[in-house]
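Presented below, as structure tokens, is a lone chain in the form predicted on its own.
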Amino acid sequence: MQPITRYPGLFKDGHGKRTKYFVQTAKRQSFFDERIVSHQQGLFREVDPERSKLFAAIAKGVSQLGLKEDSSILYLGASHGYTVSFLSDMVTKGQIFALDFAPRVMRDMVFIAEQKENIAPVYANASHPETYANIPLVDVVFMDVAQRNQVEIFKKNCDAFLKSGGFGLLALKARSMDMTKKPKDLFKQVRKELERNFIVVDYRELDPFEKDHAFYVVKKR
């Protein structure tokens, strides 16, 4: 088990395609039937990059995400809370505001938040940040919202909630934006658009973990 030092609490085992990823955890508690292993360094939950665009980006070698042990995160599109549950174990001294507008998935998210003190569920629509304006400025804005105007939503939330020098993480689904364009052409178009507002720190296409998805890491000026 080797630590991936640029990310808090993240470890890997194996090499190449056989690499497995683990997040250190305080309790032997599984939320999504993930494997929990005991090691001399402690307890670890195995995370599947095929179920998380954030960890798919890590598996594809993304250089940095701006995550620290005490990071505050606004997570847009939290869904059932798979990725959020692992982030909770990484930012043990931080806070995650986990937002989604679907009642069914938010019920699952609330269950996890009852077990993880650093998660605050937010039932709201990411298209309308004015409805959750009481959220404080954060170090990281992460977005996984598959809508046609997903770039606009991302920029709007970064403008409202991301600290100067903070990191924005965008998981982009090409087919949700425009079915008529080739994903690679769309990815280039989005990068140029983001460069007008942010410093683009890194960019990765997420195949084979997620088809027609790209992941952007930006920094707010």
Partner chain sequence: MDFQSLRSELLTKTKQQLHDAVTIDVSISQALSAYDDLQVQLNHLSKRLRDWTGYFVPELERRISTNAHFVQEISRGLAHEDSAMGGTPAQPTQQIIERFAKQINELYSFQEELLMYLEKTLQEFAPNLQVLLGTTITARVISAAGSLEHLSRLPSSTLQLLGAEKALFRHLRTGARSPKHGFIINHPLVSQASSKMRGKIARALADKMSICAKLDYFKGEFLAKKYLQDLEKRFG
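Numbering follows the first chain given and starts at 1. Model, not experiment: these values are computed from the prediction.
A second form of this protein, the form predicted together with its partner chain, is not displayed here; the remarks below concern that form.
Residue contact with its partner chain in the predicted bound form: Y82 places no heavy atom within 4.5 Å of it. In the predicted bound form, no heavy atom of F86 sits within 4.5 Å of its partner chain. Within this chain, S164 is remote from the site of its partner chain in the predicted bound form, having no heavy atom within 4.5 Å. A residue is said to contact a partner when one of its heavy atoms sits within 4.5 Å of a partner heavy atom; G77 fails this definition for its partner chain in the predicted bound form, lying far away. Along 93-109, a non-hydrogen atom within 4.5 Å of its partner chain in the predicted bound form is carried by Q95, I96, F97, P103, M106, R107, in order along the sequence.
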